Every structure is written in structure tokens, then in C-alpha cells.
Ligand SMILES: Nc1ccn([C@@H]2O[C@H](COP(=O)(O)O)[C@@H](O)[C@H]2O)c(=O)n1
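Below you will find one chain, with nothing else, as C-alpha cells; this is the form predicted on its own, and questions on how it binds or moves follow later.
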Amino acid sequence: MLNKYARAFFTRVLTPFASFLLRIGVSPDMVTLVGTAGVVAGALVFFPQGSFFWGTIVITAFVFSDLVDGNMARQAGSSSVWGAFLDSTLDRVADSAVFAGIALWYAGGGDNLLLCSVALFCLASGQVVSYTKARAESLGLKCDVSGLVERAERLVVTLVAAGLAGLHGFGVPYIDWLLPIALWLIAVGSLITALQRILTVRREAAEAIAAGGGQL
């Protein structure tokens, strides 16, 4: 949902920066690796300590690499299957780190095993949402549905809520409740999205068989 509108805007904004990186000899794969390392470090160093504001600042600074590397590859005419594979794989690593960092906080200093479980569910369901589409496409199906909560929604909602919740440490009262609310919304939305994709693939598979495509 957010991908449709936000990606085009930020791609235009980040194009000059992508051009600069190419001119100084930085490769798209280097940007992908550094960006992922920054997100993982921000999530697993700051979040488990309850430092959600600064963790979100660090993560946000690096998360835009997901747009920069693709922009660089298109400008350089070097888009490849390998680049797409690396980018997609490391996206899953970064997403997992964000929710793992939150889960570690609630398992430790946050002292809330229910929210720890919800964060872990968000981590797992996010991977399932991505896997359903990838697996369907590998079988020759389109999985032609965006769904309620995709990667962009998961990241934006979680990071905005975490960053604002982090203001509790600066004396803003009650705002720390934003993160638990966001986690529950992401958990429910991810579950619905996974079901949407599963049902869509079931329909597409049935249509393919009816059209004479054989058993899938």
C-alpha cells in the first residue's frame, strides 16, 4: 500500500545522492550491505536497552539504503538477478532484527512476556507474508494481491511508534503505549495479509488447473 505512493517520491528525492555514490565508486551491493548492518546494529544495540528514540533514528538513517541501492543499479544499468536476490534476502534480515530487538526489550527490562510474544509473532508473520509471495511466484503464480500490511507498512508503523514511545524517556507521559498498540496492529494486519495471499494463491492455482495448466 505505502510502496505505491512513497517509493516513487523517495526515489526522486534520493536520486542525486545515488548518483554521487556512483561517481565516487560505491557499488549498489556495498550500499545494501552497509544499510543492513546499520539497521541490525541500531535494532539490536539500542532497542534491547529500551532506547527506542535513538534506535529509531539510527535505523531510519540506514533503512533508506533499500531505495538507494536499487536507484544506483538502475542508473548504472547494472540491475541483476543477484542484486535483487541480495536485496530481498537482507531485507528479511533487517526486518527480523527490528522485531527481535523489541522482543528482547520486553523479555528483559520491559518485563512483559505477552508483548515479547507479540513482537516475535510480528517477526514470524512478516517472514510468512514475504514467503507466500516468493513461493507462489516460484510456482508460476502471481499472488496478485498487495494485502493489508506489507513490508513498508510494518516498518513505518513500527518505527514511528517506537520512536515516539522513546520520548517517554525524555519525560513525555503515557506515550510509551504507542509501541504496544502498534505491535498488536502489525500482528493482526500481518495475519490478515498472510491469509489474503494464501487464499489468492489457492484461487490462482485452481484457475490454472481449470485452464489446463495441469496440477500445481
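Numbers for residues come from their place in the sequence shown, where the first is 1. All figures in this text were calculated on a predicted structure; none of them were measured in a lab.
The protein also exists as the form predicted together with the named molecule; that form is not presented, and the subsequent description refers to it.
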Which listed residue (Pro180, Gly35, Gly189, Gly70) meets the criterion of a heavy atom within 4.5 Å of the named molecule in the model of the complex?
-> Gly70
In the model of the complex, does Ala84 have a heavy atom within 4.5 Å of the named molecule?
-> yes
According to a 4.5 angstroms non-hydrogen atom cut-off, is Ser138 in contact with the named molecule in the model of the complex?
-> no
Hey, in the model of the complex, does Asp29 get a heavy atom within 4.5 angstroms of the named molecule?
-> yes
Distance check, Ser96 to the named molecule in the model of the complex, heavy atom within 4.5 Å | no
Could you list the residues in 145-184 that come within 4.5 Å of the named molecule in the model of the complex, counting only heavy atoms and keeping sequence order?
-> none
